[in-house]
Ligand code: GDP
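Let's start with one chain on its own, the form predicted alone, as structure tokens.
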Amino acid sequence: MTERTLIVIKHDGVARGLMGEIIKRFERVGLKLVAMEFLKSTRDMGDSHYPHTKKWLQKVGERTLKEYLDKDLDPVKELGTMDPIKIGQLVKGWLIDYLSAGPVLAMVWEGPNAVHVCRKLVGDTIPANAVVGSIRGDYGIDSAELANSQQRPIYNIIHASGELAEAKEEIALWFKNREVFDYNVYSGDFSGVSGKLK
């Protein structure tokens, strides 16, 4: 099944000159680039990009709370609360700051099972847990300990949509229909190129 998914090289990946290397990895597995824009994300876009749901905030808060407790850090002292929802809201603010801190490269990639393939190429959100050969595993240098001590998210170079429904929402947020193209990679015939989403 052909899918489309959103990939965003965050400002730390841009600043480190990794854009070409990252693009090459997606091309090498046979994915097709159908949209790309180099831009400075706004805080409003960052706020829209990250979910507002209680379920998402709870999940993020619980994961962060666990990281603090596993490292013998006092969440109340460090974050002012033990409430996962409040911690999730705090982390969302950090993520928005991170996404809007500098220029990013937003892309739409297309191919069979594109969402799963891209997530596999990108690797675990925590670079220390990402396997060698994944983008975060090879280029991620940040750690949960350092991020927690500085009260910020882990700098992990890249974003990849987590599931197909999320990919559709994110593509609609980052791109307009006219910016996403259909074309046949192998025919060399671009007469039928259109700017319409499937």
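For clarity, every value in this text was computed on a predicted model and none was experimentally measured. In case it trips you up, residue 1 is the first one in the sequence shown, and so on.
What follows is about the form predicted together with the ligand, which we do not show.
The ligand: the contacting residue among Leu105, Val115, Leu95, Leu121 in the predicted complex [heavy atom, 4.5 Å]
Only one option qualifies, and that one is Leu95.
The single option of Val34, Val60, Ala167, Ala130 touching the ligand in the predicted complex, heavy atom within 4.5 Å:
Going through each option in turn, the one that passes is Val60.
So in the predicted complex, does any heavy atom of His11 sit within 4.5 Å of the ligand?
His11: no, not in contact with the ligand in the predicted complex.
Could you confirm whether Trp56 comes within 4.5 Å of the ligand in the predicted complex, counting heavy atoms only?
Yes.
Can you check whether Ser100 is within 4.5 Å of the ligand in the predicted complex, heavy atom basis?
So Ser100 does not count as contacting the ligand.
May I ask you to check whether Leu79 falls inside a 4.5 Å heavy atom distance of the ligand in the predicted complex?
Answer no; every heavy atom of Leu79 is more than 4.5 Å from the ligand in the predicted complex.
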